[in-house]
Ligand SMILES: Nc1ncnc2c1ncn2[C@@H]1O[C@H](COP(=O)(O)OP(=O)(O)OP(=O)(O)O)[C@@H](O)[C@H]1O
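Shown here is one chain on its own, the form predicted on its own, set out as structure tokens.
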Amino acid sequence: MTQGISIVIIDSDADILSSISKCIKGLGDGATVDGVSTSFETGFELIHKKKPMVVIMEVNSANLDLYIERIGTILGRFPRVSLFALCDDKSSDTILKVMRAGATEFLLKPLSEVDLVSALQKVGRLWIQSPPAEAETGRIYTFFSPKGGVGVSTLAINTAVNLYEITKKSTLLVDLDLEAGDVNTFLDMNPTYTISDVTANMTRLDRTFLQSVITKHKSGIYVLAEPQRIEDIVGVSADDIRKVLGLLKTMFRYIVVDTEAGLNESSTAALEMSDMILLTFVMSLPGIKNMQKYLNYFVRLGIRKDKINLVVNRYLSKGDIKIEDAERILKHTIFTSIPNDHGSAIASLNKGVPLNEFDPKSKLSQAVKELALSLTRRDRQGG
């Protein structure tokens, strides 16, 4: 997978240059070292002359600002380069600063062959292989509710897991609940990078960069996490969201988006980009009233009615309001109803495991699986 990757290495330590060069040559499948340099100035000239796919460059944490500037200089002139930062400081603050400067990978000194091969394989997949045909028709499913606390995150997470389990096709979960997202917590994940690291580097947005900041969960799905700090939310614009989702459609077959309650710039952008909106509510008079307002608003926004699918969560079959009552009031078919099993939902989330792992035979788990199956059937039908 690393065949044909050209590399320039910049490090002030000649021994490290020699060690990395030998490691790359020892891979034996076509990755080539096109040049090495112990100085940034000479290394920059090498990049200009050789036009490598990858630059491996030391980053000295004792003078971090200088190296951040150097990363910016390289990527500003050569935006298609994948830059691997090699550093002896693994603090989260240093990693975030380096990645926000535009580095594709953050590698620790002393460099392990396993880490290097993994990083080069990512570049190889994205540079050498053409995108699979299915990636050209990726579909975005956005879960949205006007009101918080109705279980949107639970449905989004478990729908994504089931989509992958059913189809084995590339599936991504995007947490766009920027202020209070909890996908990481509910899946027991601790990713290094988040969506704010993407939007802070929009000038070099490409498949290589996106792949480097997305985390794979043990269930098989990928996750683009919510910002970890409140101050990181400020720089996430609606236009950024549109661009990121547009590129993700070329990389993943299914993109499931979890949004925060109510409308804001980011959720509106996701709704506009969606192939299907799963408008989620609980069966109550206030819930139905809210649905009426939002259905009317979506019409004014220009969103087609066939893109909007109503999902009743925590449905009580013996409740006062029936599915047919809601459909008559809303003049809109209910796409699916999910039975009320708040206990199982909370228990699985607290354990950090999806429903199909926590209790696959529960009515709740079966209902979410059926929801995912319905989406795949529509997908095959082109709906």
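Since the model is a prediction, treat every value here as computed from it, not as a measurement. We number the residues from 1 along the sequence you see.
Keep in mind the form predicted in complex with this ligand is missing from the figure; the text below concerns it.
This ligand isn't shown here, but in the predicted bound form which of Tyr222, Tyr164, Phe252, Phe186 has a heavy atom within 4.5 Å of it? Here the answer is residue option Phe186.
Only one of Thr104, Ser266, Thr159, Asn313 gets a heavy atom within 4.5 Å of this ligand in the predicted bound form. Which one? Selected residue: Asn313.
So if I measure heavy atom distances to this ligand in the predicted bound form, which of the stretches 39-47, 324-332, 339-347, 58-66 falls within 4.5 Å? That would be 339-347.
Counting only heavy atoms and a 4.5 Å cut-off, does this ligand in the predicted bound form sit next to every one of Gly246, Ile277 and Asp379? Result no, not one residue of the spot touches this ligand.
Taking 4.5 angstroms as the cut-off for heavy atoms, does Ala372 touch this ligand in the predicted bound form? No - in the predicted bound form, heavy atoms of Ala372 and this ligand never come within 4.5 Å of each other.
State yes or no: in the predicted bound form, is some non-hydrogen atom of Gly302 no more than 4.5 angstroms from a non-hydrogen atom of this ligand? Heavy-atom contact with this ligand at 4.5 Å: absent for Gly302.
Should Asp182 be counted as a contact of this ligand in the predicted bound form, where contact means heavy atoms within 4.5 Å? Yes, Asp182 is a contact residue.
Look up in the predicted bound form whether Val81 has a non-hydrogen atom within 4.5 angstroms of this ligand, and give yes or no. Because no heavy atom of Val81 falls inside 4.5 Å of this ligand in the predicted bound form, the answer is no.
Residues of stretch 257-279 in contact with this ligand in the predicted bound form (4.5 Å, non-hydrogen atom): Contacts from 257-279: just Ala261.
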